[in-house]
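For reference, the chain that follows is the form predicted on its own, supplied as structure tokens.
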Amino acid sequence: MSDVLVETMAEQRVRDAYARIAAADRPEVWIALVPEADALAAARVVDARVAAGADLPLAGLTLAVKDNIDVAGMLTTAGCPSYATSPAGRPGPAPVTAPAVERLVAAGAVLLGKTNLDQFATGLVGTRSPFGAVRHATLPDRVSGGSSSGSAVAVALGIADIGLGTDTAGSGRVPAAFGGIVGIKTTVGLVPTSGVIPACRTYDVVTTFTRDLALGVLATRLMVGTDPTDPSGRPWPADVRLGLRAAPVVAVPRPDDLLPLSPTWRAAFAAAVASVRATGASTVEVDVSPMLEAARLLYDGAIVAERYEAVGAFLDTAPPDADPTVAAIIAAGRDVAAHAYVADRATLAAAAARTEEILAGADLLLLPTTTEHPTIAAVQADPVAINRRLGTYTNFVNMLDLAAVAVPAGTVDGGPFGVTVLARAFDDQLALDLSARLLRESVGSVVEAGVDVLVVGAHLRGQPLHPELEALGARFVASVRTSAAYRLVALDTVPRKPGLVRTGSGSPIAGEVWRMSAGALGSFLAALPAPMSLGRAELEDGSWVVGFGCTAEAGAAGVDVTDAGGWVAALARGIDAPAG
């Protein structure tokens, strides 16, 4: 028997990652790398668990974590080394791993290390760090974007499969746009932020970077869920929408709202809008200027007090490695009056209500992710004004309680161009579905809960009542057939509908399974007209789902169309008895 060990999947993937780290020679990406031997040992554990039958959806995939997120046994510097050693900061290795990281590792991801960032997650450029400015993955004279700079570049370079960032003002979206990768920023509160050094704790979100949308959706789904250590957590509502309708309405900004873009960037955005329409969506121009105005409150108003609350006391000790731009921004929150903070929160609440008015009738909003792609030299010469411009279309999103997905949308001026699909709070899946259509990908659901419902008649795609399902956010699962225990009868209703009757002997009936949230199903049932009913229905594979039925009286009076095999086929051939 050979003594040579055969490398298994996770182990080989980790070896490849460390080879890419060496080949890339980008030390500024990392603040702390896990020793290769330790990462390989973790990979072998993953491989052993898979061999033993464990279901690990991320088995062997590599993970890079922004260094303001805790990993047990590692320092958390937030881009400021003295913060991890000073009594005024958070000295010493983290005692526990943040839930967001722990959930990915439990699913089989292997941690490679902690990544560089704009200090204290304050910046959109990736240059505000004593560990060095993080250069763009393929255009080294340009910024990588921040503050989640290292995680985004690790993914863009093909080193990490998943990069974790945080996003308060766009830190999980701007680097994605510059890197030509996907950035998913959920509704605030869905992913636990315990174990994260706050930037503005009310608005912080742990985000993902991936090279494809499907993996980002999977990683995000695994991270979502309340945690007892995070009092700000929010669960999915009972009536959460699980799918985007086939022909959604997408709001886009007026030409006046795009003036911060250069002509070439405006042309790139126009092409992205055309791509949205090519998916079957319609677009409507809206005035987004109230949203852009609300963004000013993050830095120019009293909300900056939250940044001071997070790390201001430490910066007051004048640590020698503090970035002066970051220190000045955070210091501005020191003397904010409580009444001013309350007033600005009230202003934000009014802006959120105005946003809902602006988006009335639209499912989603499409925006450019950012305004330009500056060089590192330009940012160093003007560190505040350029950074401010980069956040034009991102700063307001978390404050107005919107979800966002940043996706690649071509190239402009020699580099990647990106757009962001925005959705109302908890409509994350709708933004993901449109993003998937733009990228021509197939993605799963970010929401694990749901009830499968069988439809066999007027709620099928293309039939008159199908919009009722779409309005409730139902998500298509599969085309199916029932078991052979059913008859299908045409009922005397308007519009014409069939009834599914279980008789014990019949034929398989064609239908569709749609997944709905529990709240949506309740609304659906409450509005169900006589003689229809919902109950359990058996599928051809022996599984049972919620399905349409009808009263015994209506079934007995209906026209039997079982031999057609389904409602659409019955309609195509004609039904003898017309609806009354």
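In this text, residue numbers run from 1 along the sequence as written. Fair warning: this is a prediction, and the values are worked out from it, not measured in the lab.
Missing here is the form predicted together with another copy of the chain; even so, the following discussion is about that form.
From the list 66 to 74, 517 to 525, 42 to 50, 28 to 36, the contact stretch for another copy of the chain in the predicted bound form under a 4.5 Å heavy atom rule is 517 to 525.
Proximity to another copy of the chain in the predicted bound form holds for all of 201, 343 and 451, with the criterion being a heavy atom within 4.5 Å. This chain is drawn without another copy of the chain; in the predicted bound form, the residue among 462, 504, 95, 255 with a heavy atom within 4.5 Å of it is 504. Of the residues given (299, 308, 265, 314), 308 alone sits with a heavy atom within 4.5 Å of another copy of the chain in the predicted bound form.
In the predicted bound form, another copy of the chain sits beyond 4.5 Å of every heavy atom of residue 361.
A residue is said to contact a partner when one of its heavy atoms sits within 4.5 Å of a partner heavy atom; residue 231 meets this definition for another copy of the chain in the predicted bound form. The closest heavy atom approach of residue 59 to another copy of the chain in the predicted bound form falls outside 4.5 Å. Although the partner is absent here, residue 533 lies within 4.5 Å of another copy of the chain in the predicted bound form, judged by heavy atoms. Scanning 97 to 126 for heavy atoms within 4.5 Å of another copy of the chain in the predicted bound form gives no residues at all.
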